[in-house]
Ligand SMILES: Cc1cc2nc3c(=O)[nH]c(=O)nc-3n(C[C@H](O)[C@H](O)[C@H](O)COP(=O)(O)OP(=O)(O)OC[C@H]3O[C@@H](n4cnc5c(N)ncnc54)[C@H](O)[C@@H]3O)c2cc1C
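Here's a solo chain for you in structure tokens, the form predicted on its own.
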Amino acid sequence: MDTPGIIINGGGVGGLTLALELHRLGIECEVYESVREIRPLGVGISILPHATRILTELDVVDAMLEKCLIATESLYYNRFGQFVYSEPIGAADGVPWPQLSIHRADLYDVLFAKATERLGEDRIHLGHRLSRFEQDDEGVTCFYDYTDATGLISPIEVRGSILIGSDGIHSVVRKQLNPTEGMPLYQGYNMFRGITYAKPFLSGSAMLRIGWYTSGKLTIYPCRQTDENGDQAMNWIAGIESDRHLERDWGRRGKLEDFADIYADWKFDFLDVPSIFENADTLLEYPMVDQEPIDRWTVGRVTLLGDAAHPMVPRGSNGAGQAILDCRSLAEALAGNADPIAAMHAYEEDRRLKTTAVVLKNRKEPTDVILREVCLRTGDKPFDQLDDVITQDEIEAITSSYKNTAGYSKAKLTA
């Protein structure tokens, strides 16, 4: 398809991956990002094997591997330090692509560098904040507020053939397409997220989940390679039940005193949790929220992608992965169809119901419900025999169900 002038609004993980996909297929595009300066923000992120496959085919994984770790196992313990379940993940489970644990800033650096190198610096536009768009039979006009190096803000109009809204959870594109959409749905849990440099625990490449939200839940895994001091950057998420509903802001600073007491006695022979919290370099707070799936992503020459299309609660380590899968689907639809509007509808038909299923699964039954069942069935007390609480068949049914819904089951990936 010869369609120059595709506008990608949002230069995050989804927007840059889409740009790389379109470039791979010979389709011209321009990326417009609201931030003026790229800074190393955020915490850790997991890239599940179905997304690693796409990044491998985009030839960016080698650069990622210089910074990230290959995750080898997923582990579950109750809050008393009792082992519940372990399974190999990614390449360790025999699938062709690994599961990667990486700092979000490192992932972004790689994608930004590759997109700039392949598309050219003149195709990546920083400091452009979209205010609104208009469309007609021939194309889309985007109205941006451009901030230059001196801080001066000027209005700019950009014309393109189609507009892809990959502008995240606060998507301007989604809001204009769905002006009466309701507020985000709070799931009753609050998250505190951080990065702490510490010595490796257990195998040094595990994703570890401990406890349940009613009395504290922790997810922790290393997201950078071991440094010269023998430390790893530990990405951790401490979740608690809370009626404190905050606005969505990935950069909101958290306070140790708001949650640390719950974990004061979580000192295990394999991990000192209070020490992890106390020595954090970064501490952020974020509510567990998502939004009801919408009935359509595509209106005329405009469609949505990633968090703008399907914001989900960050359970299941799958938000970035689903955005990357969106990119492959949309790019190939555009490459295979002379009509870009028909291509966007084909993309939506392929992805909307699949991601709706993941949104709902993350809300109610991601793999960490293994720990919910252990907590409920024991009355949140230590157990004598795990098999008296939950069987291996039950556990494997939970993990298999999630993998099948999210699209990264071993059977699917090795087919």
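Predicted model, so just to flag it, every value in this text is computed and none were measured. So that there is no doubt, residue numbering starts at 1 and follows the sequence shown.
The next section is about a form of this same protein that is not shown, the form predicted in complex with the ligand.
- Proximity to the ligand in the predicted bound form, defined as a heavy atom within 4.5 Å, singles out one entry of Val273, Leu177, Ala343, Ala320, which is Ala320.
- The partner is absent here, but in the predicted bound form a heavy atom of Arg104, alone among Arg79, Arg328, Arg104, Lys114, sits within 4.5 Å of the ligand.
- Look at 124-132, 207-215, 91-99, 289-297: in the predicted bound form, residues with non-hydrogen atoms within 4.5 angstroms of the ligand sit in 124-132.
- In the predicted bound form, Leu41 approaches the ligand with a heavy atom inside 4.5 Å.
- Using a 4.5 angstroms threshold between heavy atoms, Gly407 stays clear of the ligand in the predicted bound form.
- Among residues of the shown chain, Tyr347 is not one whose heavy atoms approach the ligand to within 4.5 Å in the predicted bound form.
- Although the partner is absent here, Leu69 is not a contact residue: none of its heavy atoms lies within 4.5 angstroms of the ligand in the predicted bound form.
- Every residue in the set Gly11, Gly15 and Leu305 has a non-hydrogen atom no more than 4.5 Å from the ligand in the predicted bound form.
- Residues Gly168, Val172 of 168-187 are found to place at least one heavy atom within 4.5 Å of the ligand in the predicted bound form.
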